[in-house]
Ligand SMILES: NC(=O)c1ccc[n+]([C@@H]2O[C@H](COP(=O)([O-])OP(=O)(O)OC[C@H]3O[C@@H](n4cnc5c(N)ncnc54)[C@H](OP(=O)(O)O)[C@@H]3O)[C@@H](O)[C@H]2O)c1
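The chain that follows stands alone, in the form predicted alone, written as structure tokens.
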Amino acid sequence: MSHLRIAGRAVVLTGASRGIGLSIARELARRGAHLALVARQAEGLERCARQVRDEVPGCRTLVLPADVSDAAAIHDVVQRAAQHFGGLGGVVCNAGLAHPGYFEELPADVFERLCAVNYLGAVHTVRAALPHVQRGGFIALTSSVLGYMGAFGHTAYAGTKFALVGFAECLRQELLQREIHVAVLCPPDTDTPGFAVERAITPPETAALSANAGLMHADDVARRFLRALERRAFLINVNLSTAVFHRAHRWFPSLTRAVMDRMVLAAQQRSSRSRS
């Protein structure tokens, strides 16, 4: 099968103003895409658009402030993007939030907000964009390593990311005849402004698991994501360790759970000793 073509196509990118989204915007532009940039804050989007045009002068950009959890707002901005560019070649649903914490301490509105942004935000964006995505185009969703395995402290977040993987699996089959490729990105912990905020409220057990996983740079995530997308990969891990862990968890789930359980219990024991 031929490589997916990105050059010359217009792509809607949500969560574009910072972090992985900003890096994906720059990488798409380097590959010749034109960009409809979506996020809540216009100021961040304008910075992203300027940076992209400075790096790739031929890239056309459209700044579209909107909250993806607002179905009417996202429908409006996607329609504007399709009209502006004369159709769409692809969509990257990257907007997302995380809020780690102990389940019994997390209020219900945290679960509702993460579901509204992480999962329903992608559903709203795809629903709005799909009539305009050209044959041979693509739809990509940013899930997480926590989209195929759970981890301590992420009861609010992981459920939404699991939902995205299931949504992508179903959508992939529905769009086969239209030759629209569907992909789901599953990055590990990544050095972004959002991750820095999360660390301030992360339980020690969650921090212990993260410490063993390492931290990627957003530019590396974006570059490896686009490379795999062009090869028409479906579930995209962006480094060797997560790819190996994904396969291990799929084939030997009892083993990976035992390893993670041991790490969690060790962190709890250290925490208990420090309090005593």
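Counting begins at 1, following the sequence as shown. Here the structure is a predicted model, which is why all the values come from computation and not from measurement.
Here the subject shifts to the form predicted in complex with the ligand, a form of this protein not shown in this document.
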>> Contact check in the predicted bound form: R26, G89 and R224 versus the ligand, with a cutoff of 4.5 Å between any heavy atoms. Do all three pass?
In response: no
>> I'd like to know if H124 sits close to the ligand in the predicted bound form, meaning any non-hydrogen atom pair within 4.5 angstroms.
In response: no
>> Does any part of V68 reach within 4.5 Å of the ligand in the predicted bound form? Heavy atoms only, please.
In response: yes
>> Against the ligand in the predicted bound form, would Y157 count as a contact residue? Criterion: heavy atoms within 4.5 Å.
In response: yes
> At the 4.5 Å heavy atom threshold, is A39 in contact with the ligand in the predicted bound form?
Replying inline: yes
> Since the chain is shown here on its own, which stretch among 141 to 149, 202 to 210, 167 to 175, 127 to 135 would lie within 4.5 Å of the ligand in the predicted bound form, judged by heavy atoms?
Replying inline: 141 to 149
>> Pick out the residues of 106 to 137 whose heavy atoms come within 4.5 Å of the ligand in the predicted bound form.
In response: R113, V117
